[in-house]
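Only one chain is included here, represented as structure tokens and corresponding to the form predicted alone.
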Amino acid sequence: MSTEAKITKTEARKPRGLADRGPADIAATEAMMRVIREVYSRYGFDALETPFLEYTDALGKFLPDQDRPNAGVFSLKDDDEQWMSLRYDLTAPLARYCAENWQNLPKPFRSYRAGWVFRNEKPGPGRFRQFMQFDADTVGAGSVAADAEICMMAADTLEALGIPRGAYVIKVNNRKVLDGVMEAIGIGGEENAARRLIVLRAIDKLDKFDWVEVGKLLGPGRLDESGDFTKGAGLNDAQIAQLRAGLAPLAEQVEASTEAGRQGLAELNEMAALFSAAGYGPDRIKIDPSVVRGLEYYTGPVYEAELLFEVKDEAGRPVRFGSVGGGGRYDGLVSRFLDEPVPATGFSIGVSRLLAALQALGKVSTTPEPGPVLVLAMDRDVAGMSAYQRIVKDLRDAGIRAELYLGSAGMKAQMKYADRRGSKVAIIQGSNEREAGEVQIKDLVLGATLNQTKDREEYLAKQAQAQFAVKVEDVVGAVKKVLARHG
């Protein structure tokens, strides 16, 4: 028996709450984002990119607790002992960027950004620690006309992606209305900021939980199915009842009891008039008092893009995607860095959730890009590999996706590799073909159907098309014809 110590292999494992993405998913995502980008650009928004990492204090008091920088975000210390965090969303980095460059930016400043964001939270079904957002924001415009335009753009974006009118709605509310309700039930003021945030996050779960469960989060707290306990806001039954009344339609008598509530209602009425004037009826955009959004930095209008249609899951159960994006006005976020007020508003699309909905509707292809034309490596000496590289280069120069097989397997295994790659064409050149200045071209799609052909004459005709010889100088033209044959 060997006395050598057993070598322990490192286990290949993916961190919880993170996902790998393959070619089909990436291609579908890029196709969807191209449409979103076109709509945002048509509205006059320009591209901007910010780093994945920000100094933790720049993320703001409205985000995770500064005394516990890893609560809610993933953080690390720089070599100068300053805390840095992976960005929690794309809005806080935009606020920092605008503050740093405010003197040189056109005002209002209109930008769109797409990228990964990170949440140090418990993962679950459909809830990831890393996910992609696509944002558009107007910074420096205090009029609710800017908020109304964002809502119109959200509606146009969904329709441009193929979601028909009636299958979605942009729901609009105003945080001042809810602030008025919370002030009326006695949790206004800076000293109650933490409780208000718990209330906001609880109400924001109404699309997942019924009022019984949300009431637990508003009251003493909630124990979930896994046994984890979420501390509640500590409201009593009377406060919860009044809060619920303030979220119900036609609750003006409660909401207008404070100045904040009256301002919020006036802004909603102004936005409704703008929607109507631009031809966006309630079948596309509607006022809905149930919209709150879960972040405290919102200061005025808030909105959500909700999908209304249902699809069936693998077990045949109905599934509704619900909210696929949202945003609102955050007039205090940029001005934290400056000595002047800087109003701002923006909208964020949850890329993965929206993509899943589009795939369920059949609006985005889940078929991966066709594999490359594969040039087999029959002779691996310098002369053979040089000849294959010239063929591959000619194909690539002609705009054809092509690959030279660089493994060590034989011809049969190389053909299996072509099948796994999804290749439609393979090119074979042994020593005899090279001496004759030719190659063999195999139509792999047609070849796969030969065994299904019963008629002899048809079989021979297909066989002649499925593999044939051409001169090396004619390879590009011949490959283009085969690819065109299969679309």
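In this text, residue numbers run from 1 along the sequence as written. By rigid core we mean the largest C-alpha set that fits within 1.5 Å across both forms. Just so it is clear, the structure is predicted and the values come from calculations on it, not from any experiment.
There is another form of this protein, the form predicted in complex with another copy of the chain, and it is not shown here; the text below is about that form.
A heavy atom within 4.5 Å of another copy of the chain in the predicted complex is found for one listed residue only; from 204, 296, 179, 149, this is 149.
The contact residue chosen from 350, 215, 188, 372 relative to another copy of the chain in the predicted complex is 372, the criterion being a non-hydrogen atom within 4.5 angstroms. Note that among 168-176, 402-410, 353-361, 225-233, the stretch whose heavy atoms approach another copy of the chain to within 4.5 Å in the predicted complex is 402-410. In the predicted complex, at least one heavy atom of residue 86 sits within 4.5 Å of another copy of the chain. Another copy of the chain in the predicted complex comes within 4.5 Å of a heavy atom belonging to residue 421. By the criterion of a heavy atom within 4.5 Å, residue 134 is excluded from the residues contacting another copy of the chain in the predicted complex.
Within this chain, residue 453 is remote from the site of another copy of the chain in the predicted complex, having no heavy atom within 4.5 Å. Applying a 4.5 Å heavy atom cutoff to another copy of the chain in the predicted complex picks out 382, 385, 386, 389, 390, 393, 396 from 375-398, in order along the sequence. Annotation: Cα of residue 408 displaced by at least 2 Å between this form and the one not shown, core superposition. When the rigid core is held fixed, the Cα atom of residue 359 travels less than 2 angstroms between this form and the one not shown.
Core-superposed comparison between this form and the one not shown: the C-alpha position of residue 120 differs by no less than 2 Å.
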